[in-house]
Ligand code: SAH
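This document opens with one chain alone, in structure tokens, the form predicted alone.
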Amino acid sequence: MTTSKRRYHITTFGCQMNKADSERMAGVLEDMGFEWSEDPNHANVILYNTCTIRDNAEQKVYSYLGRQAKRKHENPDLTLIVAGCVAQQEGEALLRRVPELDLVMGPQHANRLQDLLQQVFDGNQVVATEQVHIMEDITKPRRDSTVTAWVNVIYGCNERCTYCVVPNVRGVEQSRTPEAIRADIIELSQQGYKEVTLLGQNIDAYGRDLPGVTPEGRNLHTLTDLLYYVHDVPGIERIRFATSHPRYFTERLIKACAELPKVCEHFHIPFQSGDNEVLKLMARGYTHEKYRRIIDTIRQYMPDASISADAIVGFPTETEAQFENTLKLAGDIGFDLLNTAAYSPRPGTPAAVWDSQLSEETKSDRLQRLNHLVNIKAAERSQRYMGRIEEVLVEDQNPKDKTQVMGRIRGNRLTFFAGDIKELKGKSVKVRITEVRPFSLTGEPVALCGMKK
């Protein structure tokens, strides 16, 4: 491979875990001497970090791949990589479908990218999808932001939700040690980052696989303990975490979030369905009553907390009455943001082979009805910000209006206001909210501020 134009391009599909993996793989490529190319057609290493949660994400990968596979016929030096969950799920079948591929690698192999690429450059076509113990991160990610950063705390998932491929493609739970996580956060602080998001597919399970208990028999390593342990890293102003599972969400964790000034009052807790029979078929391990109690407890400790969630409509067997229970839960709680999806069968999951699949028309109708309610409720929730002074951590320029900067309030609402990004990037600014929309805000700057709860 010539050294004159070693450029790479990464396209990322799917969740925050994938974004974090892409940043790590970009760090590996830059250590190897590659430069980032915005345009994939100017790159000679192209990596698609894929997601298999939804069928349309998977189809998009194949259409992108098809274009680059054609390019490879004219440019044999092009290296094509599929990483992530589609790679893990399809394995060698991907090579049969797209023989131009050089490397197929599952998410557990992100840290091995250099070794795997070396095998490719030595003339091999490589598939790396075997289960491995994830090595401690020694790569330095090329992060997309200079203000906010992801920090992986637990990989994999031991849950067995009947609709979900994640345990098949990301493997069993593996928690990183508190010391390694804290060291990462200290380094980010030294690099000038102001906010970290602790990431896990099922973050409330953090520490279950680590040794150590108190004399009373309580696990020493929980997400709550981790929050206390990393909270005092100087320079870090905000801490977030995602994604939570209602089965493991405790009052002790809620109390810690209320007590710790840096932990943002924003919780992402998927509920998936508001009907107990559907939840049982999904193997979620809780009832809608338990979910409501969690939200009630959060609002007792932090009345202003933002709550976001995920929901699936059109799960096999779901009746109109059961769907209306989901509508009722969404209406009663009033989410700040609700990510919705129509159920799509995923290969290798129990629900995919059940006879009682719903029609696309029914799923689409229910999705539209839920989305309509979501927009109404989000707009209502936004009203509470009107006229208030909120602290915005400035992340970037508004791409649609260069006179404005944008960032997030502690409740995670995207907020725009007039300002110069060169002066304000990474600063916390007090902003009086003058305009509210369902999912974003606009305001006027009042003053730069120190960190306050």
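It should be emphasised that the depicted structure is a prediction, and the values quoted were computed from it without experimental measurement. Quick note: we count residues from 1 along the sequence shown, nothing fancier.
The protein also exists as the form predicted together with the named molecule; that form is not presented, and the subsequent description refers to it.
Check each of D310, E259, E187, E251 and return the one that places a heavy atom within 4.5 angstroms of the named molecule in the model of the complex. Among D310, E259, E187, E251, a heavy atom within 4.5 Å of the named molecule in the model of the complex occurs only for D310.
Which residue, H266, R176, R284, H221, has a heavy atom that falls within 4.5 Å of the named molecule in the model of the complex? Contact residue from the list: R284.
Among the candidate stretches 370 to 378, 199 to 207, 289 to 297, 322 to 330, which one is within 4.5 Å of the named molecule in the model of the complex when only heavy atoms are counted? Heavy-atom contact with the partner occurs in 199 to 207.
Can A341 be called a contact residue for the named molecule in the model of the complex at 4.5 Å between heavy atoms? Flag for A341 set to yes.
Non-hydrogen atom contact L226 with the named molecule in the model of the complex at 4.5 angstroms: Contact with the named molecule, no.
Close approach of R346 to the named molecule in the model of the complex, 4.5 Å, heavy atom: Residue-level check for R346: yes, a contact with the named molecule.
Would Y193 sit within 4.5 Å of the named molecule in the model of the complex, counting heavy atoms only? Close contact is absent here: in the model of the complex, Y193 is far from the named molecule, nothing within 4.5 Å, heavy atoms only.
Just to make sure I understand: among 236 to 268, which residues lie within 4.5 Å of the named molecule in the model of the complex, judging by heavy atoms? Contacting residues: T243, H245.
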